[in-house]
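One chain comes next, on its own, written out as structure tokens in the form predicted alone.
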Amino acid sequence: MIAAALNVSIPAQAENDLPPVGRSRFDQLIGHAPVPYPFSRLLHTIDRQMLTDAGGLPPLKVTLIPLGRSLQREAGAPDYFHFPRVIAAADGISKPGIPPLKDRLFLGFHEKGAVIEVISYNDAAGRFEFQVVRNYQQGKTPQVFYARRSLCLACHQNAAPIFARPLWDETPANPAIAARLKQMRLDFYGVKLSGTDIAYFIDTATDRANLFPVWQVLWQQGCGAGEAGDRCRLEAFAAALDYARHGTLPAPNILLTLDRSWKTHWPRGLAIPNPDLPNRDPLAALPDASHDPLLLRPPLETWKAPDKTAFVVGLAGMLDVHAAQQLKAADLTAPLERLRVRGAFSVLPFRHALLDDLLAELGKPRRTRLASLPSARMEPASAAVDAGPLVAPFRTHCASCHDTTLPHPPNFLHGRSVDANLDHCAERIFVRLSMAGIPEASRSKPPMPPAAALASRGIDPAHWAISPELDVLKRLAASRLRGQDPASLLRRPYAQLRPCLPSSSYAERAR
């Protein structure tokens, strides 16, 4: 049931690391050129694609998080405030002729880690793609890879960006954070030390982006297959165009096919995903275990019936504003029907290119340049080796997150020193595995593997806690504790346990 709740709003294509079709918006933006360096130049490149908003704010909203919860959280150690993480979200309307960027592009950059994490939308696949830019530093050529979704989705449980709830105390919206950043350096890549305004815009952009999978599920599964499904999607698209052009809300009696299919697809209701992490003050005296992004987040709400207004308005928000306005007062009934006959409304993801098809049908084709893109590449992994019986179970259950070239999360399964790494990490591995059998309220840390990772494999975390597979992992970890009492580790503060990997710089270990 937990796995079903997590995946109910995520299209089936979310299983693949590489795009099943299409490419990410970031790929399309960069093309064959190297990723612009330094980071201020990349921000400027993205900003130029969009219009400045009416209030004069830049279309790309950017803030700093020196003490955050991302995989890059230790990259700046010990100079966290000299090397804060940069978060950027595209929040502006694209200029005419440029495909939409709003709510489709999110970046996380860390200078000391020489890494950019990218979440950007793939219209053809109807999903967000997760990518990482490596070697992002002076004198090197940046390399772009698609990341392992199983690793990313442990925190990004809706396969979309996440952000904290107000009051956004990890950002300069917290006066104490802003003051310490000001003391450390004068310029952070041209990013201003903003307050709650920028944090609010980033938060709302992630909220809207997390609804993209919901609209896609209603578009594809809710309307269904066959002629009835095609007509349902045509009706939804026409209503979205009416809203985009005139602000006209849909009539309550539309999308009857969606009404009829609802109980079949979602007899217990449709869970609406939650993109919000709890607000966290990183300067607070005591850490709160409930703030960990690995914890499963309950849905925001569960729809017992389709919210057709939200669906139509959501689809309209995914459209190219300028293309929609080109339609003006045209009667779209006949051209939309011709598109339906040609299969434009079959069971495929909703994409803004439908507007291009419609404009071409009206004799107003837009000039679109198909970018030539380099081949999509996966993040590097260890060369295949024969794992012995003391290592193989860890590879089976942990390699998707811990066999990477980056040190966060600890890459103890990467390279040729796996046995030595497991010995070094044994204390923390044993404790994190043991958390599965401890009541949630008493846990000092979320268990490993994370609940979301288990659920994505169709494993109920409650069943995993009593499984023989987990017992084997715990016994193997305990065998590496060099005579220590395993139970005593569970009584020690987690921070006092032996660090998982030998101390070294983030960049040195990122290889």
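All values reported here derive from a predicted model rather than from experimental measurement. Residue positions are given as counts along the sequence shown, with the first one as 1.
Keep in mind that the form predicted together with a small molecule is not shown, yet the notes after this line are about it.
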> Can you check whether R73 is within 4.5 Å of the small molecule in the model of the complex, heavy atom basis?
Replying inline: yes
>> With the partner left out here, check for me: in the model of the complex, does some heavy atom of I429 sit within 4.5 Å of the small molecule?
In response: yes
> Looking in the model of the complex, any heavy atom of L151 within 4.5 Å of the small molecule?
Replying inline: yes
> Does at least one non-hydrogen atom of C155 fall within 4.5 angstroms of the small molecule in the model of the complex?
Replying inline: yes
> With the partner left out here, if you bring back the small molecule in the model of the complex, are Q131, M448 and Y494 all within 4.5 Å of it by some heavy atom?
Replying inline: yes
>> Please identify the residue among I65, L43, L476, L29 with any heavy atom within 4.5 Å of the small molecule in the model of the complex.
In response: I65
>> Going by heavy atom distances of 4.5 angstroms or less, which of A244, I177, L358, I162 would be at the interface with the small molecule in the model of the complex?
In response: I162
> Thinking of the small molecule in the model of the complex, which stretch from 222 to 230, 289 to 297, 235 to 243, 249 to 257 has heavy atoms inside 4.5 Å of it?
Replying inline: 289 to 297
